[in-house]
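Coming up are structure 1 and structure 2: the same protein chain in two forms, each one given alone as structure tokens.
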Structure 1
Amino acid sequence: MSVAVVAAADDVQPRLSMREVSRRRAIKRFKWSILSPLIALMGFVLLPVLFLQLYFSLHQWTVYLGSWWDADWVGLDLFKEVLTDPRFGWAAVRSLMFATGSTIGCFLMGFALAYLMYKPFRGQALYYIIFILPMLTVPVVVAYTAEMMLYQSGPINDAITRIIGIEFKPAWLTNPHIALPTVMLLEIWNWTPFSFIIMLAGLSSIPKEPIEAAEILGASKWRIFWEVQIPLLRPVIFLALILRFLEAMAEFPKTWALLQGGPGTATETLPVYIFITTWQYFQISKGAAMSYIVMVMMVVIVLIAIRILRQEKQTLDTVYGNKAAGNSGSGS
């Protein structure tokens, strides 16, 4: 009898292996069916643009020098010029400050709203619509509406003055010390729904077993939040922060429509400075070199982000693997 059982088991094993191989092949075909259009788009649209941009970066040309294919070869001189340009350095600092501040603000606001909303309650759908509306507003519309509301004698300052009972009239748009934080606040209002959606999905996907186990052991809500929910949410948190940071580094419409980099250069971030250099000063080659340097910066940030996300995923996989092993051991 035992010999028959062993023979049957040996016969089932190849079948399972063939099923597994077939499943993996199907997954691979599905992945390639999704990725192929993107790869084709990159090959036929993006790569020619990148090569043309590289050509301009290595040749000195402006719109006043005639045909672009007759531009003079300058090698890496433009890259050296950009890297030693103090204005470019300050634009990079402003971009990093803007991206960091707006990312943290969006995350804190979005996470707070998601934590309040992830448990079902009456009228929840209405709050979803209200919280997501800012993200659906066109950035240029946000900028022009803010311009009307943020004048010194505008409705925002008037409302705050009436609430606190003291005259409150900061120059939101003309004071170089607060112009960048003003745009940052607009960015936070505009993109908090993005963090809200990601964190809401993360909170909703947390397994109930760890939380129920902590409650049975008598843990407080704060300890459950800090020691159970936050560790499980770490990959989602890093994803929300990284995506928001990358988008904030490229923010252009609101800054340009509202202040055009002013007052002075107070809001001149990297996208604004590249636009001014390329399309107002018509220094096409220098603008192309700037774009390549910024692209390399962003690639480095993306690679670091991917590494962090992989480490977080491996940590969670290890935790769940140990938990599964412990359950199987206790069951046996």
Structure 2
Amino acid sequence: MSVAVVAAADDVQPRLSMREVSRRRAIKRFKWSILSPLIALMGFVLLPVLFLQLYFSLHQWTVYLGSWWDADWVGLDLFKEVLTDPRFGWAAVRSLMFATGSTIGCFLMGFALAYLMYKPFRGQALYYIIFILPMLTVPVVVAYTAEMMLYQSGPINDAITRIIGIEFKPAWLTNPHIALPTVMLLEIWNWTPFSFIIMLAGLSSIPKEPIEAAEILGASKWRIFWEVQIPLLRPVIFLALILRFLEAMAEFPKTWALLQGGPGTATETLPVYIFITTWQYFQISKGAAMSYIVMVMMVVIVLIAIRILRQEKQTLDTVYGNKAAGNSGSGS
């Protein structure tokens, strides 16, 4: 866009072209003096890592089998092994379930809280502070605190029993049907503030005019909510969902510190299974093949996510115009 603007400037003021040329050259120099160290650094760290990963996924190697550079070439055998491994399949299913469930949970909770709070009221600031606290708790701390609280006669069950007056005794961490949802609840507890913050910012930034106009026209709150607020919030909603989903796919500290994949394999998600394969079984090669598959999967998901986010951002730019989008480009 800057190019277009600069070109336009050229047309208007041809006499500056000499200066413009040197200016453009300077900008280019400026650009590369910023980007080249970044690219060099990424190349320095990421290329060898990706190369090693590829090497290991095509060669059969574990620590017991001599030096890694002498490992046997096995072609795509490892990928075949991983893709036909039901344990890997289940881990993927669990990861997806975990990510989906916790994303939706975080979003609904965060949105509800934000909706109740976006108009000023007494105590708003205090609630805000309390609500963001869970996000400021380190995930490992969440895991260990959860362990302190979630045993069967622990404070959570005990408190609920006292409040509702009926014996409430789920075995949060040891019942294989409940264990994964328990971690999900922890994730929701931990990251609802994230959705809450984004949705609160989104709700408060909606311009008042369309809502007021709708009110004057006699629209019900319900209709205003669905037909005015939600469409305006779409980009923010997508953002909250996508970021949360990606982070939840990668969630490791809580699941690992709390349950290490157990009971049985009830909480063995993809990161946990890769960790076990690589750092407990020391099947470096199989772990590398798994990592590659997961990486490809995640790149695809991220690319789709980026596409959605970009589209939403462009809609936003058209709705709000360039003014609100900041002074992007050199033209404004």
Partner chain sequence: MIKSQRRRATSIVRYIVLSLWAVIAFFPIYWMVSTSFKPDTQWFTWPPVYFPDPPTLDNYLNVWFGAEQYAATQYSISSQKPLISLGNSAIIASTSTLLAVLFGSVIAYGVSRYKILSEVRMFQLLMLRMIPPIVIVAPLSLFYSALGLLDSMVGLILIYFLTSLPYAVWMTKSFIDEVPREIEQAAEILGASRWRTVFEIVLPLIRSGLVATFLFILILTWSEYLLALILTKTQVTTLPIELSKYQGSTEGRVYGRQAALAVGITVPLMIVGLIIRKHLARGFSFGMVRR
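For numbering, take structure 1's sequence and count from 1. Here the rigid core means the biggest group of C-alpha atoms that line up within 1.5 Å when the two forms are laid on top of each other. It should be emphasised that the depicted structure is a prediction, and the values quoted were computed from it without experimental measurement.
Only structure 1 of the pair represents the form predicted alone. Here residue 141 does not count as shifted, since its C-alpha moves by less than 2 Å between structures 1 and 2 after the core is aligned. With the core held fixed, residue 124 shows a CA shift of 2 Å or greater between structures 1 and 2. The Cα position of residue 280 differs by less than 2 Å between structures 1 and 2 after fitting on the rigid core. Aligning the rigid core leaves the CA of residue 36 displaced by 5.7 Å between structures 1 and 2.
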